[in-house]
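Just the one chain here, the form predicted alone, laid out as structure tokens.
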Amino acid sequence: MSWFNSLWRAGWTILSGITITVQAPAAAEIQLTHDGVVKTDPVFVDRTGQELVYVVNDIPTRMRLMKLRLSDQTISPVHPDETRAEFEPCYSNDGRLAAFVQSRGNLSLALVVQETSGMKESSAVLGSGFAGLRAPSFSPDGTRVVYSFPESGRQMIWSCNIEVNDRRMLIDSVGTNNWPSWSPDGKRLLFASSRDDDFEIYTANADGTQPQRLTQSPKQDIRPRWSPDGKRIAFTSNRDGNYEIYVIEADGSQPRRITNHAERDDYAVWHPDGKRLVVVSERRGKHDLYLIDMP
């Protein structure tokens, strides 16, 4: 029993070169939405943890940004009069700036950066045709946005300033690089990449140099998110045959499976207190947001 307890506390071990993922005890959870409509991309508006913004597929041809107030679970559209599809939102740490991807017509996507007060907005369509612009995320100081975008047949990681110019390429490799974000201290980049045939989780220096692979699974590891203190990473993986939420240490050690449901769990985001996650979970074919405690 002492051996088992030691393994459980460590959360992982390596036996014959194979990483063993430990399943954490069932986590307490609170259901935050109840409409069952398809949802993606939850994100907290600021560090108070009082409001979430997420994407809902409210009609077949539109993705819409919705705001959820956790205190009373009141839900309202972020842009009530907007008819264009908007998705993959992010917010600066102080909640002053929002960025998201917006449809500008057939096969045309724009990166939009706006003040949440509504006073100022900058946007740009960064390429011709269906450009594949994805996953914007603010730097810790709120002065730049990192995002995924294709050029020369590869999906690279770039950054720009909040006026959506001064573009800089940070990560370039074969395959697809996606879901980038800076660490809370601004020193590292986190992303997923298919450069080694399937999606794995990587980090690199803030300027994109010295990439380091953190996960080693035969299936997809996608949508990584830093914890507020930068010490852990949550992500989605189907390594055990179903899409579930996992957490690793920032160096890739101690993988733990956090959710355990027959249907899909995805799009994890850390609560600002670092003790909980918000997850999009499918239950009986319905998709809703759940707030789960970290075991």
Partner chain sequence: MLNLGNFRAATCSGISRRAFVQLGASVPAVLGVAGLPSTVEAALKGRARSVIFVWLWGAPSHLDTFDPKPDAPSDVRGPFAAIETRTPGLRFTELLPRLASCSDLYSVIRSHVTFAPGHPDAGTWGLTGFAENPAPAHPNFGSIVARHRGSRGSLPPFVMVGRGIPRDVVRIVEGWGGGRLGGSVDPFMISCSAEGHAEIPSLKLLDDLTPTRLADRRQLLDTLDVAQRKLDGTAAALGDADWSQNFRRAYGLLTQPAARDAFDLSRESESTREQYGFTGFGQSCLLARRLVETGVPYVQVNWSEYVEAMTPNCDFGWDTHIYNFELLQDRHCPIFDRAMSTLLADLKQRGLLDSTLVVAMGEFGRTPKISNRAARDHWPNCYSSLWAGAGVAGGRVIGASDAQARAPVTNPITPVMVGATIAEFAGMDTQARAEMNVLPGGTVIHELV
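Note that the structure is predicted; figures quoted are calculated from it, not measured. Residue numbers count along the first chain shown, from 1.
A second form of this protein, the form predicted in complex with its partner chain, is not displayed here; the remarks below concern that form.
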{"query": "In the predicted complex, the one of 85, 75, 206, 124 near its partner chain [non-hydrogen atom within 4.5 angstroms]", "finding": "85"}
{"query": "Contact residue in the predicted complex, from 92, 178, 181, 159 (heavy atom within 4.5 Å of its partner chain)", "finding": "178"}
{"query": "Stretch in contact in the predicted complex with its partner chain, which is absent here, among 66-74, 250-258, 42-50, 263-271 (heavy atoms within 4.5 Å)", "finding": "263-271"}
{"query": "Full three-residue contact with its partner chain in the predicted complex, heavy atom 4.5 Å, for 188, 235 and 281", "finding": "no"}
{"query": "Distance check, residue 37 to its partner chain in the predicted complex, heavy atom within 4.5 Å", "finding": "yes"}
{"query": "Touches its partner chain in the predicted complex: residue 197 (any heavy atom, 4.5 Å)", "finding": "yes"}
{"query": "Proximity of residue 117 to its partner chain in the predicted complex, heavy atoms at 4.5 Å", "finding": "no"}
{"query": "Contact flag, residue 202 vs its partner chain in the predicted complex, heavy atom cut 4.5 Å", "finding": "no"}
{"query": "Sequence-ordered list of residues in 98-121 near its partner chain in the predicted complex, where near means a heavy atom within 4.5 Å", "finding": "103, 105, 106, 107, 109"}
